[in-house]
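Shown next are two forms of a single protein chain, provided one at a time as structure tokens under the names structure 1 and structure 2.
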Structure 1
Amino acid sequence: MNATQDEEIRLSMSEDDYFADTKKLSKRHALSKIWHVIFAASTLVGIVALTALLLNVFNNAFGYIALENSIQPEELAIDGVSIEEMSKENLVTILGDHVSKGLMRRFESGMTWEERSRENVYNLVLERVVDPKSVAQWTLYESLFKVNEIQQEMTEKYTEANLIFKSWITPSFITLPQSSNPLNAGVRTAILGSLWIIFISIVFSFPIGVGAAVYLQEYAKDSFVNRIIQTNINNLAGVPSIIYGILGLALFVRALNLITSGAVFGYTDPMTANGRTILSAGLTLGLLILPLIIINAQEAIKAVPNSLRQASYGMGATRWQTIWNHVLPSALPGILTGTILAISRAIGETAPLVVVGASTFITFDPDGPFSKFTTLPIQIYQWTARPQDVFRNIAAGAIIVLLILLLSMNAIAVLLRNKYSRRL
């Protein structure tokens, strides 16, 4: 509004009315500024909290560590040949001289010595004979800014230990299975378990969720029964995840254990069938994210312009042809957005999996939907519950791996969504 228009309005109004309106406008502008500051502050608080969380994780995932060997590698040399240059046969001899016969038989039952590579035997010697243990560790902040204090503490308390800078996120950390020794522990088994469960959850919940959304939005009439169904779906999205775990325990682990254990397919003995498998966990998380997929798919379908449907009907298309060829392709980006949110929730769940029967310590990889399992959140929980401080370092490394896995899966989903968006 320019000065001329303001003057015209002022002349057409009484002086009291003009000042009253001006005062109300000033109050609205002041209130708008207050809310702007509140929203900006809440955003800033969220960013600060997220930054503090990430800094805390990275602070524990790197840093100096003091390692003390049970036997020094130099003491294991044979005729002046160190274990780094020793043949596989001599390494097997050293291993047999320092570990029990029962452990040697267990090693050989898993894989014969002829089948094992020299590097594999060498790693066994390092793990079981040299047996390095962490006697002290420091955070990344301490390792960068308190180096002198660390070296002084090493000189006074840990004279037999070696000080090294340790990154807990390494290729071996990704490829090794879980171990009772934190220096040899990895997350390979947990990563595979998480991927199996997420795959089963999406395969189960995505078609059912989209189908339910299509029915409720395109076919269902506004009746009392359908309103009850819609209300319950909205309520199920807010049910605590532990409730889904109890449902999964009763339905998939106990009632359908012959199916979820693979007994009906000859995978296990029906007399010893145990439904605490990847399939049970995947179906449980599928139920958990099903309401989210239905609600988001409904909103995406609802956002498709009704004129698109009318144009399709005008060309002689049936309702199903209209839905399949026009409505769903237009709604697909929104549906995939809801699926991304569902995956993000499912991949971080712990409580339902604990109830269903996730293993807290497992060293073998899952080989199918009927295998026992663990996941990255379960692994992180198990490590943080350990009394040794060093387990919290590998838990921080596992958190970073989980975040990378989550962001990678979300990035793939976003690329698919954008791909279909450009086609429309």
Structure 2
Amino acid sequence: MNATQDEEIRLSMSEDDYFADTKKLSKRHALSKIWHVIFAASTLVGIVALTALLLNVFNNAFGYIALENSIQPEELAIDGVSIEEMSKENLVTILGDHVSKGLMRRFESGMTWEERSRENVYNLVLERVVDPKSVAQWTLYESLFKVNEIQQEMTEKYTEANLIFKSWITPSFITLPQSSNPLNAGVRTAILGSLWIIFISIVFSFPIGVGAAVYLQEYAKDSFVNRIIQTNINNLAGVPSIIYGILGLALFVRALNLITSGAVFGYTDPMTANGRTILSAGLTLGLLILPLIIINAQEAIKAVPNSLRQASYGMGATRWQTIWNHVLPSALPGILTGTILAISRAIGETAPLVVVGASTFITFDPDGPFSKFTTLPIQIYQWTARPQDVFRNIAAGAIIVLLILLLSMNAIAVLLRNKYSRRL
């Protein structure tokens, strides 16, 4: 708007009107700018929440702990020889002096003292006799910025304890089985359980899901039955996961008890608790991710250009030949990506597995589809639900393992997609 135009407008209206209008206009623009900032700020909420969540986890996964021994290692020294340099026989004697006879017998029935290495006995002494316990934990933030206060607290309250910096996530955390002592607990059982369950749910739901998607995209006419199926799949995707857990409890754990506990296959392990097995859990999660796989696969098949099909029919191929040789290979990257996203959903799923009957405490590795199970999220849930603070730290460690697992799954999805889409 140049000066002469402005002048014309000013002449055409009374002075008051002109100023009132420009005032209103600038007000409107100001309002627009303010809301621009508000909208922009709201996008920060997501970023802030994600950052807070991650920082909170890391804050709990590392930090100082006050470690208190039941018996100081120095007190165990015999003739001035500390336990680190002691012979195996002396270590066995120390063990015998400090633990109950019953426990000694249990150690021996597992493996005789001759068979055990010195290293093994030494670890037993550390675990059972020295028996370190964490009496207080500090977060990473406190450990970095409030060292003085921590030291003061140590001298006041925990005079017997040693202050050490502990990372709750270590290589041994991943390789050790579950334990009631948080300092020795690991997530190996849980990781193996998760992998088994994912494997079973994929074997179950991938072929069925892709088959259903092929039928709905390539064969189904717009009939009443097919419309019902499609609507039904969309609705199933919105059913809360815990409902699938209840279905799994009634169907797999209870009604199909003979199959899921392995009894029909002659598998009679007294340890398997009536159908609450890896197989039941895997099938339950399989049903849960089935609609996701179908919907994703449908999208992928829909994206295959029609000219490809027509060229194939033109060459005299049958419908199935067209699908198998042309449609599915072109849609594969999309199908795989969708499947991997469904898997990452299944890995993080907790509620249905609690309902299906995940074990609260098992220390042995799952050895097949008919054994009891626990998974990584279940482990996190149980540790978080404990009242003692120290389990929060160890839960934070498990969360980092879970997030890394999920992140690598998604990375694989991206890699697969890139690899296949280049080839095609």
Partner chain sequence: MDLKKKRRIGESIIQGFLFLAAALSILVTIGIVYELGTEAMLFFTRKQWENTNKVITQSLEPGFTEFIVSESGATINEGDLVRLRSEEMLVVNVQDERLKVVRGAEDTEPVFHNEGTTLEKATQVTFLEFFGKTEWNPQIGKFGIWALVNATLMTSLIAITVALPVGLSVAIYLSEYASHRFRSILKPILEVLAGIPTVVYGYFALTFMTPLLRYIFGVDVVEIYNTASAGIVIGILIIPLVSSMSEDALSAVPNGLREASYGLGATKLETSLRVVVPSAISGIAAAFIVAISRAIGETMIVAIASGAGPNFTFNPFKAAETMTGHIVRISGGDLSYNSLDYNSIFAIGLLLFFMTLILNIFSHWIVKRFRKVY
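We call the rigid core the largest set of C-alpha positions that still match within 1.5 Å between the two forms. Numbering runs along the sequence of structure 1, starting at 1. The model shown is predicted, which means the values in this text are computed figures rather than measured ones.
- Task: Give me a 1 or a 2 for the form predicted on its own.
- Result: Pick structure 1 here.
- Per-residue C-alpha change between the two structures, Leu402, threshold 2 Å, rigid core fit: No, shifts by less than 2 Å.
- Message: So that I can tell if Val37 moves, could you say whether its C-alpha shifts by at least 2 Å between the two structures after the core superposition?
- Response: True for Val37: a C-alpha shift of 2 Å or more.
- Using the rigid core as the frame, report the C-alpha movement of Arg28 between the two structures, one decimal, in Å. Taking the core as reference, the C-alpha of Arg28 is shifted 14.1 Å.
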